[in-house]
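Just one chain is shown here, as structure tokens, and it is the form predicted on its own.
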């Protein structure tokens, strides 16, 4: 039987879909990218933003006609929205066969077999503390990079965020188990590892997030992955500034394989708004982390997440965010217009911001970002950088591309001696706001 998997949302959802695909292949199913030929259609959903929910519900809704024509097909919704809405989805979409929450994903192959036998609507949204089984499998890939999920959930309960309610409390894997997974990927030719979690910097500190820790099990994990032969680069997403202590900062500097591009969510530059968000840091603490990293990590760059038009955000609050973004000099930013999520404290806050102001502030930050990245990339011209070769450029297959250690996409002419996974030196000849263009040296 053929299975089609559609993923909405974050990289953690992408990783879950990858692991589920691998598990289904082991059970004898066939994966397909063509939903029209699939016998089983799975939709791995997101609840972090309203738009992602609406897309998934809309997509499954229009499959009602297909179900009438092909009544044998199975349709399942997985992940965050399945966890939060559960039986409500089954009532709203009577042609939907099953929902599986975030802690029950490892049961997918068994649930499909159950559905094929029973043909009745089923819901699986119970919590589960054993997360290892559902996180370690990987599909074969031609990429030089792969994800490793190191933990699930979040204990921070930011006032705008639904993650703790749909992904649950923090649950970390064992360092030895993660390292073994990384070694197996290295043996398959993977050169770059992206460590994933809703709050990776809190790895190993479950139920202990009320006071800022001096220890950092995540730093210990970085050192372990850094020591693995064959792995050339290590990245991670998403951390929380609250857990960026001196141990973690020094580890990033000392581990040569940890890339010098750090994703450090800001969310707001206003201390008043940060307090309303329950972020547990202020702008001074955030800037202290940035300054320490800039001091000891050569050529470091930063990316971030920002929410504009949080309830009650004034022009002054917004300008605080804009000023910090320019002071840090973020090379990339995921800028989101605040979207109320049912069940979170912020959804009940007064002073919700009108849509036109959300749009205006969003566009201002995007324009600032484009100007900054153009200037930063210009400064990289006429310099030489080590590039991890990823393969043909999507826009022009006759040219190849890769990334610098600070995550800059770099395009260069193809050379017959090149192969995916090589690390080469490239002289940067010119740049745009998004891309570097260069010439290969001595390869």
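Positions refer to the first chain, counted from 1. Just so it is clear, the model here is predicted, and its values are computed rather than measured.
One more form of this protein, predicted together with 5'-deoxyadenosine, exists but is not displayed; see below.
Colleague: Although the partner isn't part of this model, could you tell me whether residue 124 comes within 4.5 Å of 5'-deoxyadenosine in the predicted complex, counting any heavy atom of the residue?
Modeller: No.
Colleague: Is residue 48 close enough to 5'-deoxyadenosine in the predicted complex to count, meaning some heavy atom within 4.5 Å?
Modeller: Judged by the heavy-atom cut-off of 4.5 Å, residue 48 is in contact with 5'-deoxyadenosine in the predicted complex.
Colleague: Please determine whether residue 236 contacts 5'-deoxyadenosine in the predicted complex, using a 4.5 Å cut-off between heavy atoms.
Modeller: Answer no; every heavy atom of residue 236 is more than 4.5 Å from 5'-deoxyadenosine in the predicted complex.
Colleague: Give a yes/no on whether residue 361 approaches 5'-deoxyadenosine to within 4.5 Å in the predicted complex, heavy atoms considered.
Modeller: The answer is no: residue 361 has no heavy atom within 4.5 Å of 5'-deoxyadenosine.
Colleague: Name the stretch, out of 337-345, 246-254, 215-223, 366-374, where some heavy atom lies within 4.5 Å of 5'-deoxyadenosine in the predicted complex.
Modeller: Within 4.5 Å of the partner lies stretch 337-345.
Colleague: Out of 282, 327, 305, 177, which one falls within 4.5 Å of 5'-deoxyadenosine in the predicted complex, going by heavy atoms?
Modeller: Selected residue: 305.
Colleague: Among 267, 270, 84, 201, which has at least one heavy atom within 4.5 Å of 5'-deoxyadenosine in the predicted complex?
Modeller: Going through each option in turn, the one that passes is 267.
Colleague: Hey, which residues along 146-160 are within 4.5 angstroms of 5'-deoxyadenosine in the predicted complex, non-hydrogen atoms only?
Modeller: Stretch hits: a single one, 160.
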